[in-house]
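First comes one chain, alone, set out as structure tokens in the form predicted alone.
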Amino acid sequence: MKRSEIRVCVLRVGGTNCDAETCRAFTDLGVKAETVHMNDMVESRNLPSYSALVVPGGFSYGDYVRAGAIWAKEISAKLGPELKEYAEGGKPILGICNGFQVLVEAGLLPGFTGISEQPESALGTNVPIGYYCGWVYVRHTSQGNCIFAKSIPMQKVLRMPVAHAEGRFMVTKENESSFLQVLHDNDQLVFRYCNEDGNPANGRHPASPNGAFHDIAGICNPAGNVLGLMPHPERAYYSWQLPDWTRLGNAMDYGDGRLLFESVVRHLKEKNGRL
């Protein structure tokens, strides 16, 4: 499969943002990416025709009830069978920020035993409480399972921005140890908040922008084809998006976010046998 034959669907509803930036990132890699409204997808039932699906950031339906909850229920009710087949068929699904919240609420993540009817984890209110927008560091902690991180060196520290009020990854207190053990055993722990030198944030603000359990910034499902993360790679794709781009000058063309998009594009090419 040539890059130009790869089709990426960036799904959106009212309140979504970053869909244009996400499409632009894929387009820069020679991939055909398009924004598709949820209503149009439900009407066309065209999900199987896409090589990859992205649920982007934003504030879907105003984040009423809780972040991502309404859109997750809509997706489950209107696209449940198609989405289940899509995910279980190994096709890539990426949830960024609000998209991560949607994937958790819809039961696609962590996905220990497939798509669950009820959320197995949550993305709760930030600690300290409030909306936080800023640049953070995350360390790549997976061992090669996640298709969105295969082009990222192990233990590499990435710099990307976050912008959310509900990004604190959490599970019930009594299940924390067993939950974390399963994440490690399945190689599902993909990104952890850290300091610039790569040391764990240990929940300390601002290195950890939300107080997430075990500094978790992103996880994938056991198969590695579904990834959710709170940082925005599409906002760190080009070097000129970085906060210190004027000091960097022409030292680099791209930011760290490009690595995630390049990883999935490479995966799709390799999967179809043409490198």
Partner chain sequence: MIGLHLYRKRHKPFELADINLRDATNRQLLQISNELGIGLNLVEMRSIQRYFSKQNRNPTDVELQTIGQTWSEHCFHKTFKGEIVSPDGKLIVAGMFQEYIAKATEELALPWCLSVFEDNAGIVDFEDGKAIAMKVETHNHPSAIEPFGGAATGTGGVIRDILGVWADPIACTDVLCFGPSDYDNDLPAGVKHPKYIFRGVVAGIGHYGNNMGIPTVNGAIYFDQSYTGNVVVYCGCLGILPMNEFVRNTQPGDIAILAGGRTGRDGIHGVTFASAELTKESEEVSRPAVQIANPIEEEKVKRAIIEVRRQQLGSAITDLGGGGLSCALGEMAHRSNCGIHVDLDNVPLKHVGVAPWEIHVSESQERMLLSVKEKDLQKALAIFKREDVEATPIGKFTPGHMLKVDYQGHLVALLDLDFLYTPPTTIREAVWKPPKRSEPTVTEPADLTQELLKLLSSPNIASREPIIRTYDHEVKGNTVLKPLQGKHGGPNDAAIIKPLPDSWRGVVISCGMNPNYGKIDPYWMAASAIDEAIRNNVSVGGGRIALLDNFTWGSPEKADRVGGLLRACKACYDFAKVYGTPFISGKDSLYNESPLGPVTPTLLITAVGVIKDIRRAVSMDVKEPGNLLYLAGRTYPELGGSEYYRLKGYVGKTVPKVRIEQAGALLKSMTEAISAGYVKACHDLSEGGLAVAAAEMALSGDLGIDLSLRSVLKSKSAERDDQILFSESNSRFLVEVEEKHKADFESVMERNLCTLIGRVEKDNSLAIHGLNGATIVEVSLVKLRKAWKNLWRKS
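Remember, it's a predicted structure, so these values are computed and weren't measured experimentally. Numbering follows the first chain given and starts at 1.
Keep in mind that the form predicted together with its partner chain is not shown, yet the notes after this line are about it.
None of the heavy atoms of residue 179 is located within 4.5 Å of its partner chain in the model of the complex.
Taking the partner from elsewhere, residue 59 is found to have a heavy atom lying within 4.5 Å of its partner chain in the model of the complex. Its partner chain is not shown here, but in the model of the complex it comes within 4.5 Å of a heavy atom of residue 134. Contact between residue 40 and its partner chain in the model of the complex is found at the 4.5 Å heavy atom cutoff. Stretch-level contact check against its partner chain in the model of the complex with heavy atoms at 4.5 Å: of 45-53, 212-220, 236-244, 65-73, the positive one is 236-244.
Residues of 150-167 placing a heavy atom within 4.5 Å of its partner chain in the model of the complex, in sequence order: 161, 163.
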